[in-house]
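Single chain ahead, written as structure tokens, the form predicted alone.
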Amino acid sequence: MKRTLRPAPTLLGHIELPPDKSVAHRAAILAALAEGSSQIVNYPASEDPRSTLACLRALGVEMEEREGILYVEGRGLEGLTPPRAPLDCGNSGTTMRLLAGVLAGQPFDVVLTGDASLRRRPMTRIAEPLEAMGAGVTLTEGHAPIRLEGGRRLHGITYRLPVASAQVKSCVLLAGLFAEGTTTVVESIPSRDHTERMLGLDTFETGGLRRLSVTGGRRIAPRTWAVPRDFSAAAFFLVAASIVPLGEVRLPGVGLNPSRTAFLNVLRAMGAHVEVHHEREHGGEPMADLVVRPAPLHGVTVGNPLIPNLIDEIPALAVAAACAEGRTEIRDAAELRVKETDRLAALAANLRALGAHVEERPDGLVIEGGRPLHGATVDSFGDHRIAMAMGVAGLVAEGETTVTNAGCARVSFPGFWKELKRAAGI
């Protein structure tokens, strides 16, 4: 699938953003492990969270969607049943890593697999702590398929994350539900905190370290979850509305969890004009309506400790940097090389094709902004965030910009191209 874009003089309207994948994955898993019936309001139609539902159904979890609400019959910690075949996680690393934590303590064997892209992503980072807890984990040359041996007794550990990763943290904490004693995760750089919020875990910060603990056998009560709109999806329209010459874009109900919104602060530091209205909270997750208007942007330097909390927004940030005056330097982002594609290489290649001056470094990018972009054919490399970033760049590039393999945007934002076309009037 290809998408061709032309310069948009105006970007205007309300954008229908997808629900937050990170919250949705966790809500579905916790609802499945709860003792009783839960409801999830605003569950996403995007492919990644649907992979989580498919895996949970294969584990015996009954669920039904009616009038925008997903009803889940929780099985409790001991109620999952053996799947008949390997669990297909699709393209979703979150599905695979979080379910590995849940399944490490089950009485049955299970295999987790996924598409070709997911089978290239590193899984040693979850295997090591799970094995330290007593799990039987077999990887395929450090990757999926992952085989988890049933009937292993897990025990609590204290595990310090070697890299900031909400997925690894969540995997260990979920495994801790099935372990004897207490499992503690220690972070030196805070990562997304949805799991600890949703489990209601206490957080202790001492000596620059953040400690989270869960006790084995902790019961999960059924409840109603409300999934906010996805901030990572909003990021593309925050950039688009900042760099298109005229207009005003409204993004209602966006999740503003503080561990997710570093990009908003960085974009404002670049000079973006973003207003926050109607702040509220649902299910422990803050949300608000965002209004963004065009503004001249300037370059910034971004690195740790911000990077873990804007890692998914760096493709959008790179486009903003190419359109900003001056130099933007992105550091400490080597994690982008092991996403759905090597996002640093993909961004460098595509932005250069559009006329930007980009230096690729082992852990980041240096972008000299201010050069006019010109239309070209660019490739998503099968990565949804690269596809959307290039769609935004195409709104300000002279001539025609064609994004190949553009359909992968549906992984996280099924309506992206429709919303972009409608707002830009193209």
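In this text, residue numbers run from 1 along the sequence as written. All of these numbers come straight from a predicted model, not from anything done at the bench.
Keep in mind that the form predicted in complex with shikimate-3-phosphate is missing from the display, and what follows is about it.
> Among E196, E285, E73, D312, which has at least one heavy atom within 4.5 Å of shikimate-3-phosphate in the predicted bound form?
When shikimate-3-phosphate is considered in the predicted bound form, the option within 4.5 Å is D312.
> Would you kindly say which of Q167, T341, Q106, T184 lies with a heavy atom within 4.5 Å of shikimate-3-phosphate in the predicted bound form?
Selected option: Q167.
> Heavy atoms within 4.5 Å of shikimate-3-phosphate in the predicted bound form: which stretch in 18-26, 5-13, 400-408, 414-422 meets that?
Flagged stretch: 18-26.
> Given shikimate-3-phosphate in the predicted bound form, answer whether the residues T94, R97 and R385 all have a heavy atom inside 4.5 Å of it.
Yes, because T94, R97 and R385 each have a heavy atom that approaches shikimate-3-phosphate to within 4.5 Å in the predicted bound form.
> Even though the partner isn't displayed, in the predicted bound form is R192 close enough to shikimate-3-phosphate, meaning a heavy atom within 4.5 Å?
Residue-level check for R192: yes, a contact with shikimate-3-phosphate.
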